[in-house]
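Each of two forms of one protein chain follows alone as structure tokens, named structure 1 and structure 2.
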Structure 1
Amino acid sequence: MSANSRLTIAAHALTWIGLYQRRGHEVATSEQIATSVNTNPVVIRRLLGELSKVGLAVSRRGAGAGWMLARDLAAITLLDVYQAIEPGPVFALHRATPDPECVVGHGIGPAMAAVYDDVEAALRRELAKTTLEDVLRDVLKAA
């Protein structure tokens, strides 16, 4: 599976902003975050742009611009982040429609879809258990 690191980067960015703000700073720039993540600032701006659309982050423009959290770290779960940035499901059905004349080809789609729904629900339940506050606590504990 094309493992993607979008959730990792998004959680990293938000956690970084949260810690930075707790240390007394107003806003964090995409360049600062990109340095910690070790990537390009545009990657950060793109991700935070998606997060701002769903009300997890807020950006300021002009002089003294940068990013802030829209809510406290404790009020953001990994599920919130996941839903903001993950478009498609983990598993897909057939690319081309299976043979509808075949019993299996006809019934396999709904059967698998039901399973996939349960799997996605379990995945979401698990992601909902962890807040970014939890993540930050683990991060500081490891230091």
Structure 2
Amino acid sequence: MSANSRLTIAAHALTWIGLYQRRGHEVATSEQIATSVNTNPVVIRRLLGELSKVGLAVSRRGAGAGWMLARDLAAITLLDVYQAIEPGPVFALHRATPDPECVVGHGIGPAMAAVYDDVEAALRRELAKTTLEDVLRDVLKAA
């Protein structure tokens, strides 16, 4: 099972757009962003399409087409990005109901759900503390 990198890619794309705009450019193309992320432009377009539906990015069509931030980096938290691209829970219980006659099968759902609820709450708290402005600051420090 591999880790999901959608949050990292989305944060990368939005942070890149923010820096690009600060450097005097109005819009960024999917190809430019994809070069930085090292992925296919289609991946970037799909992800930014999701982010545009919740007001984090805006697309421009036609001449001078590309992507812009809908809000300043300081007004976008990692939680905003996470909720836009990962609307479901971090963990899930069984797809099929375990054997209710088995002591473990009967009790595993409630036991794990309590842990998962705590993990989800902690994740959301931590993501809410960090803006994309914070991410950009840390990126530039590391450069």
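Heads up, when I say rigid core I mean the largest set of C-alphas that superpose within 1.5 Å between the two forms. Residue 1 is the first residue of structure 1, and the numbers go on in sequence order from there. The shown structure was predicted, so the numbers you read here are calculated from the model rather than taken from an experiment.
Annotation: structure 2 represents the form predicted alone, while structure 1 represents the other form. Once the cores line up, the CA of Asp118 ends up 2 angstroms or more apart between structures 1 and 2. A movement of the C-alpha atom of Gly64 falling short of 2 angstroms is seen between structures 1 and 2 when the two forms are aligned on their rigid core. Here Glu26 does not count as shifted, since its C-alpha moves by less than 2 Å between structures 1 and 2 after the core is aligned. Lined up on the core, Pro98 has its CA atom moved by 3.8 Å between structures 1 and 2.
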